[in-house]
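First, one chain by itself in structure tokens, the form predicted on its own.
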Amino acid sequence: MLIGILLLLISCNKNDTVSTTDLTFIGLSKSTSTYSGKQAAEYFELLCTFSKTTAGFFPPQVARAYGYVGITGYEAVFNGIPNATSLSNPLNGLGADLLPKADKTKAYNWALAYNAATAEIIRKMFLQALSKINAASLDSLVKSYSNRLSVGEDSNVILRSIQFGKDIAGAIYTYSTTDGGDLSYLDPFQLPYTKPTDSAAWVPTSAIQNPVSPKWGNNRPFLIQNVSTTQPSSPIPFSTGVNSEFYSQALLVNNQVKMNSAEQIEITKYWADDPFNTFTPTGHTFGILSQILQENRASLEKSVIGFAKLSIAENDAFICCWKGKYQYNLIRPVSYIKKYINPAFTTVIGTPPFPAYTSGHSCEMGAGSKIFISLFANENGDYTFTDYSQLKYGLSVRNYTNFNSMADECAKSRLYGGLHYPMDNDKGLQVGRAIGNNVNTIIILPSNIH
């Protein structure tokens, strides 16, 4: 057996084509699956806090930050996952030559690599806005895991693993700076921007007079197909005629708000996910994923795969959705209803500062639901769980038996709140689910994971 292993190592040195399965099982490194996924969950929990407490991190900026953190974590450890490959090929603009390579003749501690990579990319995603308190929290977490994971480990393995993780993070950050959203939290309104002034166009609905990130739809997606093949059809033609289809959409919103049940109001507030008050829509979706992974005692292997898939889907969902929003610049229901139907109309919660069509919540949760199904459920989406993620914001828990119905509820919450026309939600779900399907089919990742 020893002779066989030596021959294999010699062969690796000659042709550098050893597979990840070989790396894991020839005894050089422990596989990624031997480490707990709790580490990843704690970093994404910290990311939620950073997003909530950092100025300029509106929903698009948050989704982007999660996106790069997710793919960085995966790239730092995929060499320890049997049959896994780098994301450098499917991801738009991320060539294999841009990423450092692990030395296939030496051992790594993949959890240490993840620790270093994730901490480093989080720092870079909040580069010019990371508060002292948040920086201290990040330093504390990375030090805690570094100390625990280094116990009994060879000093060379420790240094090699940490450096590899930092190198991966540096390369991914360099890649991120060319996507169109670099440092966007410093200028989330992307001024100067001239707002359309026709009757169908968005008008401010709060003290914020400029819409958020009007050029976000021009950003580079992780998957080209998530923008090129998923754009919705045009919204129902604008009209103020009382017999028009558009008027009917607005009237339905007005009547829904008047007839809301206590549970529908609860649902509205549950899915509000307002930036700076909560962890935003993306943060809520990641919170659900993190909770389910922990309930299943997922390894670092399954966690990084799950977070990577959701990261790609969420980032691209906001790019795609924002592209449509500013293509059509559609007036919000509250503005239309007050002018043409009911001057006394009020929404259940505040209307966010950007156009209506399509719904961002519907799009991102539509995408997220497809990732959840790929990880935990059958094609019907059946999965029973309780979402505890909103307890920290003073809300109660909600119970679900199906990921598709959960996404439907999230979308309907925007109708119950008076924030979106039905078509915004329906088309948003359609776009999001198409994006999630793209991620599941184009990104080929190991599925037999625990």
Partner chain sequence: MYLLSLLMVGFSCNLKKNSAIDDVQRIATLSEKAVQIREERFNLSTKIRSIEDSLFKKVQTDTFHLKKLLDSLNSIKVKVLEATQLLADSIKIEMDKAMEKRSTIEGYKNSFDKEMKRKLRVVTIR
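Because the structure is predicted, anything quoted here is derived from the model rather than measured. Numbering follows the first chain given and starts at 1.
Below: the form predicted in complex with its partner chain, not depicted.
- Only one of Lys106, Arg148, Lys215, Lys338 comes within 4.5 Å of its partner chain in the predicted bound form through a heavy atom, and that residue is Lys338.
- Interface membership of Ile349, defined by any non-hydrogen atom within 4.5 Å of its partner chain in the predicted bound form, is confirmed.
- Contact annotation: Lys30 falls outside 4.5 Å of its partner chain in the predicted bound form, judged by heavy atom distances.
- Looking at Gln209, you'd find a heavy atom of it within 4.5 angstroms of its partner chain in the predicted bound form.
- The shortest heavy atom separation between Arg297 and its partner chain in the predicted bound form is within 4.5 Å.
- Taken together, Lys52, Tyr393 and Asn399 are fully in contact with its partner chain in the predicted bound form: each brings a heavy atom within 4.5 Å.
- Of the candidate stretches 269-277, 248-256, 323-331, 180-188, only 269-277 has residues whose heavy atoms lie within 4.5 Å of its partner chain in the predicted bound form.
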